[in-house]
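So this one's two forms of a single chain, laid out as structure tokens and tagged structure 1 and structure 2.
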Structure 1
């Protein structure tokens, strides 16, 4: 029999040394396919046809690997040039690019939007955003608050859009939830009842389909517009 190809079921040939980039790329594909909860160093090693110790050597702990994979999602975003483009147009384009990247890798959205990273690989992205905000006229404490508002909006909003149902929820829950929603007491919830035909499955807290399957494009653009209006108003008030 010939040597193993290095895929699942056999160990990687010694003449093809493993690289850190290969591990990160493989982990990203694994999470895209199986979900973040399924990722373990042993499972990924089996998928790649290597020993788990090889993964630890290149990426450290699982937490460090997940951080590197999350950073890869940000690194893959090709940011527009900051010069020759109005600051608000640049932020608009970057927000859309970030959302597109998160939609391509929805299983990583909870990490991008809710956990502190354990590496500095996102620093170049932060540098570009801070530089554009400085050029817009923000400085001092305002710069910090506005930076957090921009990054928090993009990562937080899209994380909520892409939220999914826990794996242990019974099948068919959507129909039951929709039926319960449509029978709420109109005397107790008059505003919701009046607008339910518009809101149901289209608005946060009253939807049953994730943004993975039912993207909330219009709502994102509205939220982005409101954010930029607020930033313009803050600059005017300075």
Structure 2
């Protein structure tokens, strides 16, 4: 693999032009490696051995490129077949697959969670989930709201799990925060004090490591369990 053949190292053969898919893939790799803030039209261009403005031809504006990248992440969720599988099993499995896909690209979670999906790539996903919920016994307005409850829970929860501190802030405040928690007044914070060893760095608002480094597997499974218990209860109630 001589220098002359490849496209890496900022070098490019004069022939074989870029493609839209190539740019999107390169951007995803770049974000995975260097973080979302580091993604720059100029940086990505040099990485690809091309002038910054060449990217505009293929993927448009930076915002459009980022939207395309986030759509790409959803694309490689392959849903399991749902015939011969209980609806609740299937939903559980799909929820875990979504979480896995997001965990594969934790630096993109802020976009996944806060940006409206602009692509039709998610339509097959919606179809399958709606179909399975229909099969479970939901219909009409209930169906829509249950769908939103489920999808919003999964994507939203994992977004929060993967949230992290901006590179700038995280100097030494983690230790500081941990110390502050341990010296909290037991009279004004009795519940926290009782459960501190279990809570600290394991619970939302009382942790300092991202779910990217400290996955909250147990809590996700519990949340999923609660959701499915709720779905069953709602079905038997009506």
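On a predicted model such as this, the values are computed, not experimentally measured, just so you know. Numbering follows the first chain given and starts at 1. For the two forms, the rigid core is made up of the largest set of C-alpha atoms that agree within 1.5 Å on superposition.
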Would you check which of the pair is the form predicted on its own? 1
So with the core overlaid, does the Cα of residue 56 end up 2 Å or more away between structure 1 and structure 2? yes
Once the two forms are fit on the core, has residue 33 moved its CA by at least 2 Å between structure 1 and structure 2? yes
By how many angstrom does residue 66 shift at its CA between structure 1 and structure 2 when the core is held fixed? 2.5
